[in-house]
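Okay, so here's just one chain, in structure tokens, the form predicted alone.
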């Protein structure tokens, strides 16, 4: 098949491979970025944020993306055992961990030759994220990739039953847990909502209010890296925290009121760590987590005890499926007033230009 001819354009061509994991998009950026400076993945994250953020907006924002688009930029890792390094991006900026992206990147790394000599029944892919090294294990048989499981960085309960004042809702107790990123957890029932049936706008508004309250009233601290010391979002749950064979549902609202379509890989990691901390789940008990948004499924279990600074922590295994949706080359034209991108929020607020 003949390669499509590029249209008239100015500047770099940004090449991507698009995937989704449990419905959550991932745009893997394969070419078009200038040199990304920095000796570490974390320093590269800072460099991209300071000097190349315009390209995030080009790829994540409309008209090439949308309010809930998610991206992964492949970079060189300083760790000799890493097969690739990655920076994660979204509508607000750059995150430190993304489980749905790890599941997709595991398949991508094997299919696109980033791992030498794939082997059956699983091929290990070491992915260096801003939060640390994450090990993915990709099903591989007869040259085809399948489901992916990954082992998280040390995950831990940061604080439980924290009281925050949420406007229009009064005092609310939340748990805060870390799974490569920090999340606040609270049952949607506390607000008279259901993660499966309530209006998405109502869930987003409540989760955003909780996130803002925690950010303003609780000091988040990662024991090893200050760059990881921030609340990424709030996960509303169905309240079913005790172990059960039945799935438990949740909805994650992160960044700038962005809604995860999947059960949220780093969120499942943090939720398992929280449940284990409370004695509600034992090692190697596999729990099924369902997206309240669209019903897609991840599984998770605590597989190893460890530490993160002064916190007792666990390594969590999360498993899911990712699929390809296409490839694209994006361009800009100098006379296009909207070439740098814009956002039209789901609430219908004013749009924000790049």
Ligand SMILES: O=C(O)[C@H]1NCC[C@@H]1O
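Everything numeric in this text was worked out from a predicted model, so none of it was measured. Positions refer to the first chain, counted from 1.
The form predicted in complex with the ligand is left out here; the points below concern that form.
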97, 105, 272, 210 - the one with a heavy atom within 4.5 Å of the ligand in the model of the complex:
97
So, in the model of the complex, is residue 254 in contact with the ligand at a 4.5 angstroms heavy atom limit?
yes
Taking heavy atoms and a 4.5 Å cut-off, does residue 70 contact the ligand in the model of the complex?
yes
Heavy atoms within 4.5 Å of the ligand in the model of the complex: does residue 264 have any?
yes
How about residue 178 - does it come within 4.5 Å of the ligand in the model of the complex, if we only consider non-hydrogen atoms?
no
Exactly one listed stretch (159-167, 127-135, 256-264, 217-225) reaches within 4.5 angstroms of the ligand in the model of the complex by non-hydrogen atoms, and it is 256-264
May I ask you to list the residues of 175-214 that have any heavy atom within 4.5 angstroms of the ligand in the model of the complex, in sequence order?
183
